[in-house]
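So this first bit is one chain, no partners, the form predicted on its own, shown in C-alpha cells.
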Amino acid sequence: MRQLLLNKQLVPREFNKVARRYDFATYLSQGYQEDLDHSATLMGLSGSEQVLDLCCGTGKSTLACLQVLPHGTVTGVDNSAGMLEVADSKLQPEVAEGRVTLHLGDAMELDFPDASFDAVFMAYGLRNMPDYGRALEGISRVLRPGGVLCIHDYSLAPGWWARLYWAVLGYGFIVPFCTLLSGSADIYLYLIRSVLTFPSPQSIEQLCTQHGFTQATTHHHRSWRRPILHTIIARKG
C-alpha cells in the first residue's frame, strides 16, 4: 500500500482489479451519484459545451455531465482499461449518438490541442495525480479562455476532527464493506490514506490560482459528507 502512495502510476492497475464491482460498491454510498450531479450543476454551463471528463472511471461522472449538457458533448478519459470498459458498456447509446467519446489515457499527459474544451470535470481524480500542479497546468492548457474546472473529491475540512471522522468512516466502514464486495482491499486502503494526505479545499483553491486559473471557490456537500467531500470550481482567465 505504501508503494501505491509513493508511485501513483500503479493506481490504474488496482482499479482494474475492482472495475466490475466498483459501481455496486459506490451504489451503497449514500448520495454518491447525487453529489456528482450537484457538482456538474455548479459549473454553470449553458448546455451546449464540450466537456472533458477526466478520470471518468465507470462513467458515473460522465452521466452527471450529460445531465447538464442536453446539446453538448462529453469526452471521457481514464487510465484504467477495466473501468473504461465498464463505462463503455454503460454509455453505448450516448456513444452511438456521438454525445460521448471515451479514451484510454493519462490525465498527466493530455494529448488534446490547446483550448479544446469549454469545461473540465474531474471527480476523485486530482488526488491520484503524482504532481497536482503539473496536472492543473495541463488542464488549463486544454481549456478555452473563460473555461471552468470542477474538482469533485474527498478533501478534508481543516481540523483534527475531520481527519478523525474520515479515519473512523474509512477504516471502520469503507474498507471492510468495499473489500467484501469487490474482493480487493488495496485500492480502498489507498483511498483512505490518500485522502489523509490530500490538500484541504482552501489549499486546492490556492493550487488552482497558482497554476493557470484566476479564481477558485469551494462548495460543500450535504449531510455526513459535509466535512469530507468538497467541490472546487475554478475558472481560467
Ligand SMILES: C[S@@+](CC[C@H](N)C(=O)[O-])C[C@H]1O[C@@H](n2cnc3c(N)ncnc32)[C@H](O)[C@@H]1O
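One rule holds for the numbers: they count along the sequence shown, beginning at 1. These numbers come from a predicted model, not from an experiment.
Form predicted together with this ligand: not shown, discussed below.
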item	value
Site test, F15, C56 and N79 vs this ligand in the model of the complex, non-hydrogen atom cutoff 4.5 Å	yes
Option touching this ligand, based on a heavy atom within 4.5 Å in the model of the complex, out of E94, E85, D106, E137	D106
Contact assignment for this ligand in the model of the complex, among V142, A123, L102, L156, heavy atom within 4.5 Å	A123
is_contact(T73, this ligand) in the model of the complex, heavy atom dist at most 4.5 Å	no
4.5 angstroms heavy atom contact with this ligand in the model of the complex for F177	no
Contact test in the model of the complex: L36 vs this ligand, heavy atoms, 4.5 Å	yes
Distance check, M129 to this ligand in the model of the complex, heavy atom within 4.5 Å	yes
Among 208 to 216, 177 to 185, 56 to 64, 38 to 46, the region lying within 4.5 Å of this ligand in the model of the complex by heavy atom distance	56 to 64
